[in-house]
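Here you get one chain, nothing else, as structure tokens; it is the form predicted alone.
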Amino acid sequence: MDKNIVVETKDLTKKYNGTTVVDQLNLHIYENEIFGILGPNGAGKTTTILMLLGLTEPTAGTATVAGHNPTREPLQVKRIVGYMPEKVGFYDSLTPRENLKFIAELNNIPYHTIDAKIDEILKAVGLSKQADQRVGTFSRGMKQRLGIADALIKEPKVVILDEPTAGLDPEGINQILDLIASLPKRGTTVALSSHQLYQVQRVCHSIAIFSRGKVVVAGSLDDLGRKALAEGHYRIEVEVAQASPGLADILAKVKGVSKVETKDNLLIVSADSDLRAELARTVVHANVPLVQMKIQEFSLDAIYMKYFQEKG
């Protein structure tokens, strides 16, 4: 069964005073995935988010969020989308429980369900023990977790997070990323905007790289790696017990293999598709002890730098 598209843009464009900030953007974000919106400052990420939220109108093109047009149906979109801006703000003199209760009431959440919902959300973000402390005493990381609780309190179909780990120490970053990674299990689709490459690589299922208002490449990390670093090919690492003269020539004859590189007992096979089963059978048939075989993993940092060195 095909996955459902939750967020879609068609030629979405935004101009300010004649300057194109978002340029004919076409995006697809699927249900229950974490989608990374990646790019340098000024690439158009935040403007795109504002259009998805209905907070600014596009100059041209359209966007739909869970079937609703943010420009024409901003209230419907607001009911089903949670948003955490880069700089979160709360009433410092109130507790997390009091802040969330105020937000729940603003969102017309049934009064008799609010207390139980707040308890459940605070537990999910790891703030149960601090539920009745004043927010003014919180660290940046605790406020970030409360920001995610704010975004989740209305049980949204989509959560948009703009630089959710900004200003955090490594421990705080890991805690927030673990929390984000758990959101699809709650039935929540996540759009994560960031310029932190390793963080995007750690939690995102699909990625779009923005540059000057355009999406220059989009897809899963493996897809992006093959496009940017492997000329569209799969790269399969074949490790054997010891170097075997002639094995490279044998593997090169497997249908779909375009190139074989060797380094001691490691062979790197470039292929049109995932040929691990065929390659394993060939190695075994050649009476060569096979140690392991895996598809080469790509670094998002290498993909990003490759693109911007060549295009930027």
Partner chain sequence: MVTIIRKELADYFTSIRCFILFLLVFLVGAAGLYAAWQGIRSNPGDSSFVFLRLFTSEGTAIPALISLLALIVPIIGITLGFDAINSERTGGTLSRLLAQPIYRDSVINGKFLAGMVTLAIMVASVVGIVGGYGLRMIGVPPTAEEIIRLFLYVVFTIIYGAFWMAIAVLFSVVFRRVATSLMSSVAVWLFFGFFYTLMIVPAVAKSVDLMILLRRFSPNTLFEEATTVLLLPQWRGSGLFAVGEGDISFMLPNALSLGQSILVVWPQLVSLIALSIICFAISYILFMRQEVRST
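Think of the rigid core as the biggest set of C-alphas that the two forms share within 1.5 Å after superposition. Residue numbers count along the first chain shown, from 1. All values derive from a computational prediction rather than experimental measurement.
Note that the form predicted together with the partner chain isn't included here; everything after this is about it.
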Interface segment, criterion being heavy atoms within 4.5 Å of the partner chain in the predicted complex, picked from 70 to 78, 212 to 220, 168 to 176, 189 to 197: 70 to 78
One residue of Ile268, Ala280, Ala243, Leu55 in contact with the partner chain, assessed in the predicted complex (non-hydrogen atom, 4.5 angstroms): Leu55
Contact residue in the predicted complex, chosen from Pro184, Gly126, Gly136, Pro85 - any heavy atom within 4.5 Å of the partner chain: Pro85
Every residue of Asn99, Asn107 and Lys154 near the partner chain in the predicted complex, heavy atom within 4.5 Å: yes
Contact label in the predicted complex: Ile103 to the partner chain, heavy atom within 4.5 Å: yes
Partner proximity in the predicted complex: Asn32 to the partner chain, non-hydrogen atom cutoff 4.5 Å: no
Contact of Tyr234 with the partner chain in the predicted complex (heavy atom, 4.5 Å): no
Contact test in the predicted complex: Val257 vs the partner chain, heavy atoms, 4.5 Å: no
Residues within 4.5 Å of the partner chain in the predicted complex, restricted to 165 to 185 and counted by heavy atom: none
C-alpha of Asn99 off by 2 Å or more between the shown form and the other one on rigid core: yes
Core fit, then Gln144 C-alpha moves 2 Å or more between the shown form and the other one: yes
C-alpha of Arg134 moved at least 2 Å between the shown form and the other one on rigid core: yes
